[in-house]
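Below you'll find only one chain, the form predicted on its own, shown as structure tokens.
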Amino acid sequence: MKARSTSLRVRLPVFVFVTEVVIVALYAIFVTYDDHADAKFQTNQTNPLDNAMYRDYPFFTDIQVMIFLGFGCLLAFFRLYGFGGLVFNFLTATFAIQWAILVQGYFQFNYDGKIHLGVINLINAEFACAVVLISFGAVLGKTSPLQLLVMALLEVPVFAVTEWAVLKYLKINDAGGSILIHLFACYFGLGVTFVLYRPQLNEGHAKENTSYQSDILSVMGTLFLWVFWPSFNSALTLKGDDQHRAILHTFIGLSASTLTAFALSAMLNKKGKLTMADVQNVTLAGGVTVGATVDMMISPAAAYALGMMGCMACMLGYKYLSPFLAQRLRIQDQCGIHNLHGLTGLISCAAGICAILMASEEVYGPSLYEIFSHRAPVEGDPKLLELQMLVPNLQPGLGRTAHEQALFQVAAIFSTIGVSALGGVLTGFVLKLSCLAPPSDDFCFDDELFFDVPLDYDSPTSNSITTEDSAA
């Protein structure tokens, strides 16, 4: 009975083919090429090397590696759920990017009512996809592929609307996505897992464990994410010195969090040994913690300190906060996204507010009004003309003070958390529908329910250790 109730033979093909027909129809109506991809804009005077592809494609490929290899391998840490972690990540990511091109493009319609597609649109869609995959971590092993596709279907529009509203009306600085990627994804995922709460899982699950091979694969995912994270943080920053700083700060923050993670892992382990879960997750904290300030003049020392602070918060969250959330607040955060993206995201946002308050022309020079574009003088202000003599491409701003910009950052943090949590809760109620083939408690963290598995898929049983044992 359970096998029939979760069969994908009809449900998955119906969902996929219907959405594909809808997407191809919408692409046919609304999606065209941008100027750098459209042949009619190319002449014998066009220099192919000036094409935006050469500027943006390296970032696109780096983020592709993070999404499909980094996230995929990282989520394959359960002993009997390696297929699910890798393949459901592949499936969900592919769908989310296709869908995000349309949904995000809706808010960027040109004068002709078309979405003008270029590599930069794909990068934006990848960021929306990253949001979905982070949220996926909260419900890893407890959802069917149909539930994940529906989650992506609903989360991408909520994210796109939130992103549009925050950037259009609050006009914040968020180069590394601390607010609009990490905090949104975290609290959306927590909202979903809150509704999908399974009381029996709080007592542990026989299949909620790892193996030697699955932990190695997961660390490979960590390494992919670690190596390419500078591209993730710098892809949408201003070209030139801003992007240069973003790369430097990200590497320094990651390096600091990695060293700190190894030290804390040994210190907090009762046997003084390293824990693989710490290596897989906590080492990445620095990449998130520097996100809000990644393009600012915060100094390399501050980036290092942020990496250490993020690592400490993330580590303590895994050790103490995650069990509390599961036992007391009905939030079963399977991959600890609240630690790696929520706590570190909040630290990053606080650092960003401090950096905004301290930013001055003495430190930044005239480029202050490029990085903090909303602090630039308004149209008609004599100071704007003076600045444009030094920075020819400088656009009029809103004339905000540092304190005003900081207040808008605070407003963005709370509004993003509120909208994402509410969106996650509502999505969770949709995902509870039985037609989406949710697995029973017995079949959580098990590939056998949704895959044709090889005969030896459960062979590492005798060598496996539980998640609780590994954290002891």
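Start at 1 and count along the sequence shown; that's the residue number. None of the values given here were measured: they were computed from a predicted structure.
In what follows, reference is made to the form predicted together with another copy of the chain, a form of this protein that is not presented.
For another copy of the chain in the predicted complex, the listed stretch (428-436, 415-423, 61-69, 399-407) containing residues with heavy atoms inside 4.5 Å is 61-69. Across the proposed site, Lys40, Gly82 and Met296 without exception bring a heavy atom within 4.5 Å of another copy of the chain in the predicted complex. Remark: Pro382 does not count among the residues lining another copy of the chain in the predicted complex, judged by a heavy atom distance of 4.5 Å or less. Among residues of the shown chain, Leu167 is not one whose heavy atoms approach another copy of the chain to within 4.5 Å in the predicted complex. The closest non-hydrogen atom of Phe194 lies beyond 4.5 Å of another copy of the chain in the predicted complex.
Proximity of Arg245 to another copy of the chain in the predicted complex: non-hydrogen atoms within 4.5 Å are present. The listed set Ser373, Asn124, Ser367, Ser322 contains one residue whose heavy atoms approach another copy of the chain in the predicted complex to within 4.5 Å, identified as Ser367. This chain lacks the partner; the member of Ala326, Leu236, Leu154, Ile252 within 4.5 angstroms of another copy of the chain in the predicted complex by a non-hydrogen atom is Ile252. Annotation for 262-300: interface residues with another copy of the chain in the predicted complex are Phe262, Ala263, Leu264, Ala266, Met267, Asn269, Lys270, Lys271, Gly272, Lys273, Leu274, Thr275, Met276, Val279, Thr283, Met296, Met297, Ile298, Ser299, Pro300 [heavy atom within 4.5 Å].
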